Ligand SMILES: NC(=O)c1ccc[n+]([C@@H]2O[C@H](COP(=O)([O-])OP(=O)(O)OC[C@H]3O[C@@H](n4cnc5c(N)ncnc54)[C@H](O)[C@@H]3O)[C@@H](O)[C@H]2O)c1
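The form predicted alone is given below as one chain in structure tokens.
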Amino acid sequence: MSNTNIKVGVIGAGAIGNIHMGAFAKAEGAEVAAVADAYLPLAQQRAEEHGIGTVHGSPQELLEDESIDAVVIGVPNQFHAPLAIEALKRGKHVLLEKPMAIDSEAARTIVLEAEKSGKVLMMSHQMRWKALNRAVKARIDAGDVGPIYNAKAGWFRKKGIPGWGSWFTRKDQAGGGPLIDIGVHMLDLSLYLMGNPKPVSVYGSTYAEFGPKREGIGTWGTPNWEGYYDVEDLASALIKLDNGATLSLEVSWAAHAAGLPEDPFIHLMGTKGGVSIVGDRGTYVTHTDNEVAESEITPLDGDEDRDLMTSHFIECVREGKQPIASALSGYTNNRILDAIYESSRTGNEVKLSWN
């Protein structure tokens, strides 16, 4: 690609889209040239705030804009697959918000279209880029942890159901509840730090003890009291991986979780050492002379997580590189999420084939 700026269009002018606009505004080599939202006044407001030259009243209008090289898709989950597929068909690179799709079948269609198009499709998993998580990855890559054979990850919100009755709490529009909303972050980061092993079997359960009673409601999103709630508010799963390792995952939007911090957490247990990430604190642990030795992990210096992620996307588009958070990673996450829901429905273990 030439040295001219990559022209980016942002689909979705809500909170997430607004964050992306801010990140691209600071990035070198790209400019946000257009924004689209189903609610035109919001798109116009964002254009004024960020100095964006073109406003489209629908995602389709933006995708038909031949001047746009790449798009950011930050809309409700049900629209991820159709918009990503249409963007790829029109020859545009895609930065796609999580989850990749509301189910693995739709995610697989995106992967196939990305392969066919030859365009970059990158998942927007900003937690991979956090300063502490990058420091942890460096320690793992340096061999300080050794092969990771067990991991525990999760995120317990005690009262945080978003937008009760809106698309957030409707399975046909969101794909699920906290598992697909915040659980996908912890799942993605865990697999990344573990070296991207493939899942081979999943056993899980989901529960809805708060949402149906309109309890446990948080501050994110706008409630729709004429709507409904048919997703889980807690999920628990055990994932077995093709290298023999195991990953346990627990997440909630609402729970009577006394004594548990509300910060996201990952505990990685390796043959030479272990790493714990709880919120913004990282700890390395090993055994020295048969004694437990712990030390704090210092976050790496550098730009903020979303700024680094944005720069990486621009680099991949310019150089035709495979993104760190690839289309395959998004598909893998969706397959695991589907398997957890299926296991909860049937009460059985779900085996995953990768042939």
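In this text, residue numbers run from 1 along the sequence as written. Note that the structure is predicted; figures quoted are calculated from it, not measured.
There is another form of the same protein, the form predicted in complex with the named molecule; it is not shown, and what comes next is about it.
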Contact stretch among 260 to 268, 237 to 245, 144 to 152, 120 to 128 - heavy atom within 4.5 Å of the named molecule in the predicted complex: 120 to 128
is_contact(residue 25, the named molecule) in the predicted complex, heavy atom dist at most 4.5 Å: no
Residue 323 near the named molecule in the predicted complex, any heavy atom under 4.5 Å? no
is_contact(residue 328, the named molecule) in the predicted complex, heavy atom dist at most 4.5 Å: no
Given that the named molecule is not shown alongside this chain, does residue 38 nevertheless sit within 4.5 Å of it in the predicted complex, heavy atom to heavy atom? yes
So the named molecule isn't shown here. In the predicted complex, which residue out of 312, 318, 50, 306 has a non-hydrogen atom within 4.5 Å of it? 306
Considering the named molecule in the predicted complex, which of 203, 207, 167, 284 comes within 4.5 Å of it through any heavy atom? 167
Taking a heavy atom within 4.5 Å as contact, would all three of 156, 211 and 227 count as contacting the named molecule in the predicted complex? no
Residue by residue through 215 to 233, tell me which have a non-hydrogen atom within 4.5 angstroms of the named molecule in the predicted complex. 220
